[in-house]
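Below, in structure tokens: the form predicted on its own, a single chain.
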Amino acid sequence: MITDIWSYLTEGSLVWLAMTVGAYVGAERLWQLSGRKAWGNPIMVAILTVSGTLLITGTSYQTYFEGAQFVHFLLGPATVCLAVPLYTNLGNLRKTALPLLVALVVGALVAMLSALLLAKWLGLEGELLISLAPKSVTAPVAIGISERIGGLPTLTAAMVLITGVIGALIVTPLLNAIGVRDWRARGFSAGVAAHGIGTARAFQVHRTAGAFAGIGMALNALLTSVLAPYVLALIQ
């Protein structure tokens, strides 16, 4: 039975969908065996596994995407589902609306300005510079922002992944080191700075942190889509 399924998959592009799902399932298992350490982040391991497979087999991204695009399609519905933590935490949101609003605005501006100023200092211009502006926003929204403001969506997607993985790796030790104990603050900061991957990490640590990370990720996507053109105009 398994042999028949594999033969069917290898005859078409669905082999890459199976490989993507298998890479994540295997990475998740390895992460659990590691004691759920941050350095064993399953998303990072799955990305490295898929990238390594494509390099070894000489497979182009276009060929891979033909089979794995169903995962990309699901990013849209997953983004819409960000409304769920917003709804279920309305009570907490009302109590902390002002500090969350301040943190959101500061976080969104720092995320954009830090990347753009560093890129400007390194001599990047044009599409390369523009593509960095939405790097802390969840992928479907970041790609849309990049397309609208004249960036390179593929580069933006890569920067989104790098930002999320780095954020997921350092968020827990960093917040522990600076003494942040409130799960709402910890989660919200992870969601604003490291979008979906940071949110997944927050859920692994604490349920409340995960809920507020989802809220931060959703609100940052909305705010960045509004502010990005103005911030770019200021930098350029």
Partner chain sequence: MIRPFFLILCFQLAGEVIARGSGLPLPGPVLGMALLAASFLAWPALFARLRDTANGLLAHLPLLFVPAGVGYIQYLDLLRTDGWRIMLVLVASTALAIAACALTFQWLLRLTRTEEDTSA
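Each form is matched to the other, and the largest set of C-alpha atoms that superpose within 1.5 Å is called the rigid core. Since the structure is predicted, the reported quantities are computational estimates derived from the model, not experimental observations. Positions refer to the first chain, counted from 1.
Only in words, not in the display: the form predicted together with the partner chain, which the text now covers.
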property: Leu155: touches the partner chain in the model of the complex, heavy atom cutoff 4.5 angstroms; result: yes
property: 4.5 Å heavy atom contact, Gly151 and the partner chain in the model of the complex; result: no
property: Contact label in the model of the complex: Ser51 to the partner chain, heavy atom within 4.5 Å; result: yes
property: Contact of Pro99 with the partner chain in the model of the complex (heavy atom, 4.5 Å); result: yes
property: Contacts with the partner chain in the model of the complex - residues in 154 to 181 whose heavy atoms fall within 4.5 Å; result: Thr154, Leu155, Ala158, Met159, Leu161, Ile162, Thr163, Ile166, Gly167, Ile170, Val171, Leu174, Leu175, Ile178, Gly179, Val180, Arg181
property: Rigid-core frame, C-alpha of Glu66, shift of 2 angstroms or more between this form and the one not shown; result: yes
property: Did Val102 shift 2 Å or more between this form and the one not shown, C-alpha, core superposed; result: no
property: Core-aligned CA displacement of Val21 at least 2 Å between this form and the one not shown; result: yes
